[in-house]
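This document opens with one chain alone, in structure tokens, the form predicted alone.
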């Protein structure tokens, strides 16, 4: 069992970008009355205590969600994220992707969450217990890669898969590529969003693996591949994780425009003073 715990990083700049993008996609799925499914392969605990020992040790949330909540955005995508998270932040908590989805999905929608960590799965079940019966929200103690392929194609046939690994071991980058290729074959109409870190040379053998993964996914037989990324600091040798991004297969209509509209404001609030950042949205494979 791997040891990664997201509680050390909850609410950081990577979570802000990831969860705003997640919300934009779910909102687009809700534009049609037909039911949709949300699948989370690496769910974590679902809810994190910002006053807890892990979060306080790193305090990464201070340059993430805290920096976003100290003003009222005029960008709709950011404002809706602020509104969804404010009650949690007031209680010194941060919602992970399962709770964000649970707060957005409709009665006719379905959610499936997978988590392999023995402690986190119990926390996940507890934190999701207030959001409906397990007939609507399925929580599975299993490997997310294996579980995803086992349940595809899903019912309903519209939906989003969020693949958000820790990349604790270098081989996981290739595991994402292998699993995603099979998943698209089984569910060609599904939307797949894969989070990835941007790592400096300090990361050793992991440096450059995200970029390699993106190159491979861009060659897949699918309708489109969209990449959104945000660099909050310069890529110097000692930067560690200097940014993050999401690669989105079968991105919904106008998601690129929505992200382009809000990224400048997001970057301005998440970038440390006098440190030049960068944010971009690019089609790695344009839709027909």
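Residue numbers count along the first chain shown, from 1. All figures in this text were calculated on a predicted structure; none of them were measured in a lab.
Form predicted in complex with S-adenosylmethionine: not shown, discussed below.
You can rule out all but one of 258-266, 244-252, 34-42, 228-236: in the model of the complex, only 34-42 has residues with a heavy atom within 4.5 Å of S-adenosylmethionine. In the model of the complex, at least one heavy atom of residue 145 sits within 4.5 Å of a heavy atom of S-adenosylmethionine. Contact between residue 48 and S-adenosylmethionine in the model of the complex is found at the 4.5 Å heavy atom cutoff. For residue 154, no non-hydrogen atom is located within 4.5 Å of S-adenosylmethionine in the model of the complex, even though that partner is not displayed. S-adenosylmethionine in the model of the complex comes within 4.5 Å of a heavy atom belonging to residue 166. Site annotation in the model of the complex: the residue of 85, 127, 97, 210 reaching within 4.5 Å of S-adenosylmethionine with a heavy atom is 97.
Along 18-32, residues 18, 19 each place a heavy atom within 4.5 Å of S-adenosylmethionine in the model of the complex.
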